[in-house]
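In C-alpha cells, the next block holds one chain alone, the form predicted on its own.
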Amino acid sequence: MATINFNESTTSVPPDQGALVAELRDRLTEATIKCSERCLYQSAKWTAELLDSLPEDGDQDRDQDAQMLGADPPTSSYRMLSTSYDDPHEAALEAKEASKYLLAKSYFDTKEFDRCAAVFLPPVIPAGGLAVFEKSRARTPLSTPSKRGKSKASDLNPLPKLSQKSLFLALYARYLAGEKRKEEESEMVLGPADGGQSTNREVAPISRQLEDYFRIRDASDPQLKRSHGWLEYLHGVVLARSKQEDLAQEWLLRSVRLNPYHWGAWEEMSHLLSSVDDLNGQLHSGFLPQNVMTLIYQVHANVDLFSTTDSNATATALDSLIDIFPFSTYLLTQQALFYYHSKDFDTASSIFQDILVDHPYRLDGLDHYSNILYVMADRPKLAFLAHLATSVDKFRPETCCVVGNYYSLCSHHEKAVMYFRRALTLDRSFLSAWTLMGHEYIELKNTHAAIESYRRAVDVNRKDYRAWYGLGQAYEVLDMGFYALFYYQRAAGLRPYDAKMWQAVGSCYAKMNRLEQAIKALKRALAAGTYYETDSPAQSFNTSVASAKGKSTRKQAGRKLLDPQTLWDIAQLYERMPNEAEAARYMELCLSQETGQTMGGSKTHKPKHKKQQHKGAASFTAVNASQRDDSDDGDGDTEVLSDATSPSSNATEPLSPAGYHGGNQGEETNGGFGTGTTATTSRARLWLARYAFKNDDLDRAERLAEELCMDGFEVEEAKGLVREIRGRREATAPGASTPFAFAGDET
C-alpha cells in the first residue's frame, strides 16, 4: 500500500494522491464491513465516516453510464470482504458456522449478550446458582480455572474449535454481559452506597482463556500468518481493565500491526499513554505500521495529551490529513480541539459551528463545544446548542453536559449538577461530566463531593489536568497544603506551559514557608505565560469555574508581557526572605508592565519580538525537564528579565484595568502594548515609593506617590506618604517654605 512518510518534524503526502485515495477507499470499506460483522459498531461508524469523507471518484459517473447502456454493474465488495478469503481454513470454518453466526449476531443486536455467547461457548451456571440445564462432564465452566498440571497440551485450551470471527463475537459478548452486570450493580452516582468499586467479573476468565488460546496458537503458527488481530484487540482490552497496562499495550500493538484499520485498537492504545514520551517511544520503536492510520493516531494522541511541545508538527499533520479526507468530521473536531487546547477559542468555536451547520444531528464532541462557549461566556449560542442537542437526543451524555454547562453559566448550579449526574447515569466513563460536576460542587461549597468527582475523573483518564487541578483547589480550600501541592504538581506536569498551574504550585510552597521553591515555581509561571499568546493568564484553566467570564479575543502578535500579579508575588517572597534589593527589582519589572517596555524597549521590532518569544519558549522547555527537582538553580527567568534593570518611565494615560488587551492605545506607546494602570501595578508603585523613602530617595518617592494620587488606586496611603516626605524635607531644610496642598487633598 502507498505509505505516508513522517518523522518528528515533517509530514509528507505521497504525490500519487489518486492511488492513495483508491487504496484507502478499499481498505476502509473492508474495515467497516468487518467491524460491523463483529458488532464493533463505534469502530464501524468511525471508519464509515472516514470513508465517506474521501473525495468523490470520477469512476462512479462512468459506472452509472455503463449501467444505463446495459453493461454489467460493478460487483459488490461485501461478499469478497466479509470472509477470510486469504485463509482457506478460516473460510471453511466460517462457512460451516454461518447459520449459527447469524443467530448469535441477532442475539447480540438485541443485547442478549449471554445468549449470544452461549451459541458458541459452553454456558456457565447463572449467578443465582440454579442451573436450568444438565452440565456435561466433558465441559468445564468458564469461571473455573482448569487444572494445568495433569492435562495434555491438546487439552489446555478450554474453547471449542471455532473460527476466529465466531470466537471473537462470543468472548466479546461475554465481556459486554459482564459490563452490563457491573452497571446494574452500581448504585446512584455519588450516592451513599456508590463506592465506584464495581468490577466486571468476566474479565479474569476471558483473560485466562485467551492466554491458553494464544499459547497453543503461537506454538502452531509462530509467524502469526493466520492471525487477524481481532482476538489480540480483545485480549488487550481485558488486560487494560485488569490494570495490566504494559501487557495490554503489547497486545494492542500486535493488533494494530495485524489489523491497522481497526480504529478501536488505536483508541484503546491511546488511553494507555501517560505522557508524550510514551507516544514518542511508540513512534520510534518501529512496531507501528507505516500508513495513514499511524499518522491519525499520532494526531489523536497529541490532542488527547494536551500536547503543546510540538504544536507546529501537529498542525501540519492535521492539515495533511484534511487534504486527504476533506470532509472528515472527526479530523475537523480534532482540529477544533487542537485550537481549544492552544486557547484560540474563536477559531475552535468557528470550526465547531461549521461542523454543526453541515451535520446538525451529530452530537459527538458537542460537550467540548459547550465548554468553549462557556469560557467565551456566549450565552445565546450555548442556549441554542442546548435546545438543538435536546431536540436531537435528550438522553445522550453529550446533551446532558451541554445543558449542564448552560445552567452553570446562568449560575443555576443545582440544576447543572442534576444534568451532569444524568450524563453519568447514562455513561459512567464520560470524563467531561465528572470534571464539570466537580467544578459545580466547588461553587456550591460541597468540597468533599467535589473531591470525589475529581477522583472519579482521574480514574477515567489520568491525563486530565483539569481534574488534578480541581483536586488541588479542593484540598487548598480544606487547608491541606501537602495534598494540594501534590495534585498541583501533577497538573503542572501534564500542562507545563500553563502559567495557572505553576502559580498554584508557587502559592502552596509560599503557604508552607518554602520560599525558594515558591520563587522557582512562580518564575516558571512567568516563562509559561510568555509561551501562550493569550489575553490573560486567568484564562489558562479554561473549563474551571474560576475562569474569566469575558469573551476571548486572540491577538495575532506575540504577547511578551509578564503577569504583574506573578511579579508582585515573587517580589513579596523576596521581601520575606529578606532580600529587598531583589524584591525592588521585581517591583520595578511589575511597574514597567504598564507600558510594556521591558521586553526590548522602544527599539524592538515585531519580527524580532516574535523570534524572541519562541526562544523564550524553548528555554522554558529545558527548564521544565527538571520540574520535580528541588535542587535546580531555578534560573528559568534569565531571558524574561534581560531588560529588567532599566528604571520605569512615568505612567502614561491609564488604559483599561482589565489588562493585556494590546489595542491601538498600547501600540502607540513605545511601539508595544501594556496593561495600563491596574491595582497590582499601583501596589508596586506604592511599595517602590516607600522603598525610595526608606533609602532617602525623596524625589523619586514623591514622584511615585503623586502618580498614585492620579491613578485612583491607593490614594489615601499615597497622600499620607507625600505628607511624610514633605515633613522630612522640612526637618532637613529648616528654611524651606511650607508645602502646598496637592490636587485632590480636601484638608
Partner chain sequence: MGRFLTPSKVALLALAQVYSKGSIPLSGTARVLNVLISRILLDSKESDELLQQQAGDTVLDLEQALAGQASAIPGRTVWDLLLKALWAIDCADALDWFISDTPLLLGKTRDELLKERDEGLPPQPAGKIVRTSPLGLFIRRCSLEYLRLQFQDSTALWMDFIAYRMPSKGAFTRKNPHVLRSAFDSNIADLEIDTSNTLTGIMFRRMLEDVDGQQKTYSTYDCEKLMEFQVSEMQSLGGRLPDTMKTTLKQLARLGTSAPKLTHYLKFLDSWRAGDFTSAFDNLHRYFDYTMQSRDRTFYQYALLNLAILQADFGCHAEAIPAMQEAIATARENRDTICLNYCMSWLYHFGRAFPAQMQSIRETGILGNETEGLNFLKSRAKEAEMWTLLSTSLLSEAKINLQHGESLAMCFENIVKASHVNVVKNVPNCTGPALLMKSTLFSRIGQTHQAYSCGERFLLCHSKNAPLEDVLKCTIRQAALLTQMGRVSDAQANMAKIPPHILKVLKYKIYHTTHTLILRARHLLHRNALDSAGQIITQLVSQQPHPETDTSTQVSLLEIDLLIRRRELMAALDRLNQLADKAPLENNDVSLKCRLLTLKATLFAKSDKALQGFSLAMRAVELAHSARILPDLWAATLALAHILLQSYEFAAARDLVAAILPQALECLDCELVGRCYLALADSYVGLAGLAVSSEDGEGKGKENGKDKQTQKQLMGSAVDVLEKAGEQFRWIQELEGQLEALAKMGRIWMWRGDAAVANEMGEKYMSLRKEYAEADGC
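Positions refer to the first chain, counted from 1. Nothing here was measured: the structure is a model prediction, and the numbers come from that model.
Keep in mind that the form predicted together with its partner chain is missing from the display, and what follows is about it.
Of the candidate stretches 480-488, 431-439, 228-236, 406-414, only 406-414 has residues whose heavy atoms lie within 4.5 Å of its partner chain in the predicted complex. In summary, among the residues T390, S311, Q517, S198, the only one with a non-hydrogen atom within 4.5 Å of its partner chain in the predicted complex is T390.
A heavy atom within 4.5 Å of its partner chain in the predicted complex is found for exactly one of G191, G281, P578, P380: P380.
For the three residues V357, K394 and R422, a heavy atom within 4.5 Å of its partner chain turns up in the predicted complex in every case. For the chain shown alone, Q353 is a contact residue for its partner chain in the predicted complex, at least one non-hydrogen atom being within 4.5 angstroms.
The closest non-hydrogen atom of F384 lies within 4.5 Å of its partner chain in the predicted complex. Its partner chain is not drawn, but in the predicted complex it has a heavy atom within 4.5 Å of M418.
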